[in-house]
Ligand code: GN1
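The chain below stands alone and is given as C-alpha cells, in the form predicted alone.
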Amino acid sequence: MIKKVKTVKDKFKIYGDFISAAPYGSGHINDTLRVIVNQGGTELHYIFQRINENIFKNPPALMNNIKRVTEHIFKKIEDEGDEEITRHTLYVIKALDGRSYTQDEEGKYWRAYIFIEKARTYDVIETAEQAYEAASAFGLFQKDLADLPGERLHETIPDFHNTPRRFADLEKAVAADTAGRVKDAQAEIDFVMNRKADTSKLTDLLAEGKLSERITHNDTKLNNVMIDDETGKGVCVIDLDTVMPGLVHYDFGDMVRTSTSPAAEDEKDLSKVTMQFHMFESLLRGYLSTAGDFLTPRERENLPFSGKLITLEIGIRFLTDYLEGDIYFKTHREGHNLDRCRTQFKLVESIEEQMDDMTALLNSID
C-alpha cells in the first residue's frame, strides 16, 4: 500500500519529495493514509484515500458531489474573509489531468485532501461541549449548502435513510426466515411492528410537500467533525461520501442516536442504555445555533422525533441482518446483531419516555 501511495502521489498536483505514508483515522470503509511530502525543506501533510467501490459504486459521481460541495463552501468562507479556509472545509487536490480523483494501475480510485493541522476527531463523545460543537458544525454545513446551485446531487447510496423500505426489508426477512432465527427475535420483531406508523412519518410529509429535500451529510457521528486542539471548537465537517439529497432530520436524528447514550452500540447490559437529556439539549442548542436560520417550522417541530426514527431505523437494519444470517454487518460474536438491535430499541424507548420534555425544550428555544 505504501509503495502504491508513492506512485499515486505523482498523479496529483502535489509537488515535493515523498517522505512517508501511514494509516490514519478510524474509518472502516475507505483506505485512509496521511502522506508527508518534503517541499523545499518544509514538511507538508496530505490525506490520501482509496475509495471503496464495493460501497460506492460510482466514484466519479461521488467525487463530483464532493467537488461541488467543497467548492461552494470554500467560496462562502472566502467571501467572509476567513484566512484559514482550508481548515474549515475539506480541500480537494486536483489530479494532473484536472480531475478531482485519479486511478492507480489497477484502476482503483484515489483522492487527496489538504491535511487539517492542529485538530482531531474523537471516536467517543466526552463532554456536552463536544456535542454542542459537533451539532453546530453539522448545522452550519447544512446551512451553507441550502443554496447550492445546479442539478440534484448524485445519491451515492440510494435509499440510505428510507425507513419505510428498511421496514419492508424486515417484513421480507421475517417471512423468509432463511436462518431460522425468527423464533429467537419475536419480541424485537413485535417492537418494530408496533411502531410501523412511525417509519413513514417523515417520508409521507416529504411526499405531501410539507418537508423540503435538503443536502445532508447522512453520517453525523462525532468523529466526522474535526475539533480544534486549542479552542475545542468544531473546525471542519469531514467524510463527505454520503453527502446527498435527504432530510435535515436524518442528520440531527443520527446525532441523537450516536451522541446521547453512554453505552456502546452493542452493549448487552441494557440498563446502561439511556438518552441523556443534557446531551440532547447540547445537540439541539448547537444545531439550532447555526441551522435555525433556514429551517421551516415543520422541519423544526420534527427534530425531537427524528432521534427516535433514526435509532429505530438502525435497529431495524441490525435486526434484519440478524434474521438473514449476518450477511451485511461484521459480527464478532454469536447474536451480535441481535444485541445491537436491542441496544437501539432500548434507546428508542428512552427517547419515547422523554419526548414531551424534548418538545418542551425545543419550544423554549428562540
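Residue indices: 1-based, along the sequence shown. We call the rigid core the largest set of C-alpha positions that still match within 1.5 Å between the two forms. Note that the structure is a prediction, hence the values are computed from the model and not measured.
This protein has a second form, the form predicted together with this ligand, left out of what is shown; the following refers to that one.
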| property | result |
| --- | --- |
| Proximity of residue 265 to this ligand in the model of the complex, heavy atoms at 4.5 Å | yes |
| Heavy atom of residue 254 within 4.5 Å of this ligand in the model of the complex | yes |
| 4.5 Å heavy atom contact, residue 312 and this ligand in the model of the complex | no |
| Contact of residue 160 with this ligand in the model of the complex (heavy atom, 4.5 Å) | yes |
| Partner-contacting position among 198, 188, 169, 219 - heavy atom within 4.5 Å of this ligand in the model of the complex | 219 |
| Position in contact with this ligand when the complex is considered in the model of the complex, options 29, 327, 36, 61, heavy atoms within 4.5 Å | 29 |
| Triplet 133, 136 and 294 all within 4.5 Å of this ligand in the model of the complex via a heavy atom | no |
| Option from 327 to 335, 65 to 73, 36 to 44, 294 to 302 whose residues, in the model of the complex, bring a heavy atom within 4.5 Å of this ligand | 327 to 335 |
| Residues in 204 to 239 close to this ligand in the model of the complex, defined by a heavy atom within 4.5 Å, in order | 219, 221, 223, 224, 239 |
| Residue 264: Cα shift of 2 Å or greater between this form and the one not shown (core-aligned) | yes |
| Threshold 2 Å Cα movement between this form and the one not shown for residue 48, core superposed | no |
